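Heads up, the chain below is alone and in the form predicted alone; it's given as structure tokens.
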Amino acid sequence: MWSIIATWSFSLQCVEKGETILKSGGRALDAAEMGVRLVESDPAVDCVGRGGYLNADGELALDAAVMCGDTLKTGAVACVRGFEHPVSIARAVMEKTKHSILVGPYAEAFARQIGFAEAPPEYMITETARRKYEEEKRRRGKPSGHDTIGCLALDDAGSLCVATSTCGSNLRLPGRVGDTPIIGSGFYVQSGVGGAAATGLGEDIMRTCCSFRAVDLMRGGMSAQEAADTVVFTAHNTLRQCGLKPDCIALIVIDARGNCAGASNHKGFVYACARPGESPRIVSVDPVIDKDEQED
């Protein structure tokens, strides 16, 4: 039985696209990739793709990844400029090379070599994104905004796949890479077990390897919801025990039967999902622990 889940309300279009592919017997990898591509092209989404946040040098640099749960093969790119769909370049890394991740100008050269069309800055960087950058720079603000589109899909053949994409935080240092393209942190899937994808502050998510831990807990017998709750709660408290102040951490999880779940350490996290008999919908998540209340 097919199923699909993705982070945040802006991913509803992703889930709707994926549902169309999965309902017709399509592959999970195609559903996840094609759904994420829609979000990458949407200039209204300021944390992914076109129209996304700019780094401290005023550049739009994108990260993305895909993973196939049947083979555990992954492809990822980081700090890619001048291409609209880093998620598709990431898939090409997985399918056309022996590598897992390419970065910066080397990833861009690979994309050109295999025929991806380039997108000029005047198309990728919107007036709204440029205005936000200038305003934050005048305020000398710290990096802000750290949302990600993460999509987990299960097809009728039982294959689990994941696709992720982000532009990173506003005013981030050039070259900074978060959790989104990092296997085990920003994403992980294994067919027959389950999958997870994270969103929030990448540094905190990488420190606690959230996605792999969720899948491993499901391997040990936990439900999707139990695994999601346990990982977020444990990650948050582990950071506090190490003397750190946890930022936003949220997780979506899917098990091998298509059951979906989400967890967060802050209010306001939502995800979109769909499965047979359940039309695409937005689900609000009650935090397992509220970082903001701990700060009061």
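Keep in mind that what you see is a predicted model, and the values were worked out from it rather than measured. Note that residue numbering begins at 1 and tracks the sequence as displayed.
The discussion below concerns the form predicted together with ligand ASP, not included here.
The stretch among 104-112, 79-87, 195-203, 215-223 whose residues place heavy atoms within 4.5 Å of ligand ASP in the predicted complex is 195-203. Proximity of Arg207 to ligand ASP in the predicted complex: non-hydrogen atoms within 4.5 Å are absent; the residue sits far from the partner. Proximity of Asp147 to ligand ASP in the predicted complex: non-hydrogen atoms within 4.5 Å are present.
Using a 4.5 angstroms threshold between heavy atoms, Gly168 counts as touching ligand ASP in the predicted complex. In the predicted complex, ligand ASP stays beyond 4.5 Å of every heavy atom belonging to Ser211. Of the residues in 161-199, those that come within 4.5 Å of ligand ASP in the predicted complex through at least one heavy atom are, in sequence order, Thr166, Gly168, Arg176, Gly178, Asp179, Thr180, Thr199.
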